[in-house]
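Here's a solo chain for you in structure tokens, the form predicted alone.
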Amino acid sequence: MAEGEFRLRVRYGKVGRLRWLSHLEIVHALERIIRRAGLPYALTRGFSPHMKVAFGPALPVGTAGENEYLDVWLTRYTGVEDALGVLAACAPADLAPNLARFVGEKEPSLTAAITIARYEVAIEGKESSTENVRTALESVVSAGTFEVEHKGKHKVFDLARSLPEEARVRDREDGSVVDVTVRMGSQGSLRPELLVVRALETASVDATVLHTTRTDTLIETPEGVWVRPV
């Protein structure tokens, strides 16, 4: 961080219809919101200067996010409440910032720091009872590994590491919800809806995934404690 710059960390949501935007479209939308808000944002130093902003782990198209984060560097100190107020006023409700604070120069980047994510996978269908879904999920998880093919790449996830908590199934109207906690890293992270879809297919359960929401993104401290970035 250059001298005289202030690193503002902002929490926002990506919900409703905006869940169908790509990560790049979200980046562009949030940069426009920052410009419209009139915040004194810093520019990168290089041949083609651009807004100095950094984002947390990307969300797949179609997956909503309730606690997503970005860092934007400002050239002038602005009160947190004032900055949050103008950002929220310039953003659509489904992408509105809702919390902010300044963080220090030595804080690691969001992509490096955030290694834990919590998801909700909603399921519907005539066989989507919690008991059916729980049994199907236990069968897949007990295999110990999970293999996927994505964009021509073959990946194998060690479920003992990728799932730091046991997945839970609970009731919802006309179906059930699977709560999945995933460990993320440079090798990629397991997409929870793929795990659930595989479980339903393997157990021949007549049910489908309705939608997926990332409910939280967390930093794991050296002591093993999970904390929010803000």
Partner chain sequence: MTNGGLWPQVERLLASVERPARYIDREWNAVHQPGADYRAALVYPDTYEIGQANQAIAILYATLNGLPAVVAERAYLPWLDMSTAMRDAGVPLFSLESCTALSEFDLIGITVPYELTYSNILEVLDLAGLPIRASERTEAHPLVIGGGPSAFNPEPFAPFFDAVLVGEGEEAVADIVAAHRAAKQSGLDRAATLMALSAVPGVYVPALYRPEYDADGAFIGVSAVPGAPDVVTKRVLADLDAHRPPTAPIVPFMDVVHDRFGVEVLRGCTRGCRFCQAGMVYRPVRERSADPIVRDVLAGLACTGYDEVSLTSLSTTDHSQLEEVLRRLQRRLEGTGVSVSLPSLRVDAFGVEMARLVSAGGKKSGLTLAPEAGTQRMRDVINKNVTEEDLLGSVQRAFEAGWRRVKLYFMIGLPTETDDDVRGIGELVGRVFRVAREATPPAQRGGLRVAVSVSTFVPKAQTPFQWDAQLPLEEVRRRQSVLRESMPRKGVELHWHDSDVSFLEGVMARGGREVADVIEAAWRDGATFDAWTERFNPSRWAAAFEACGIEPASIANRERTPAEPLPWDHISAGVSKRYLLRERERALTGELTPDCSFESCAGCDVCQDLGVDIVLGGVARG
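Since the model is a prediction, treat every value here as computed from it, not as a measurement. Residue numbers count along the first chain shown, from 1.
FYI, the form predicted together with its partner chain isn't displayed, but the following is about it.
Q: Could you tell me which stretch in 97 to 105, 141 to 149, 111 to 119, 83 to 91 has residues with non-hydrogen atoms within 4.5 Å of its partner chain in the model of the complex?
A: Only one stretch qualifies here: 83 to 91.
Q: Looking at the partner-bound form in the model of the complex, is Asp71 within 4.5 Å of its partner chain by any heavy atom?
A: Contact with its partner chain, no.
Q: Answer with yes or no whether Glu127 is in contact with its partner chain in the model of the complex, where contact means some heavy atom within 4.5 Å.
A: Flag for Glu127 set to no.
Q: Look up in the model of the complex whether Tyr41 has a non-hydrogen atom within 4.5 angstroms of its partner chain, and give yes or no.
A: Judged by the heavy-atom cut-off of 4.5 Å, Tyr41 is in contact with its partner chain in the model of the complex.
Q: Can you check whether Ser48 is within 4.5 Å of its partner chain in the model of the complex, heavy atom basis?
A: Within the cut-off, so yes.
Q: Of 24 to 45, which residues get within 4.5 Å of its partner chain in the model of the complex if you count heavy atoms?
A: The stretch touches the partner through Glu25, Ala29, Arg32, Arg35, Arg36, Tyr41, Leu43.
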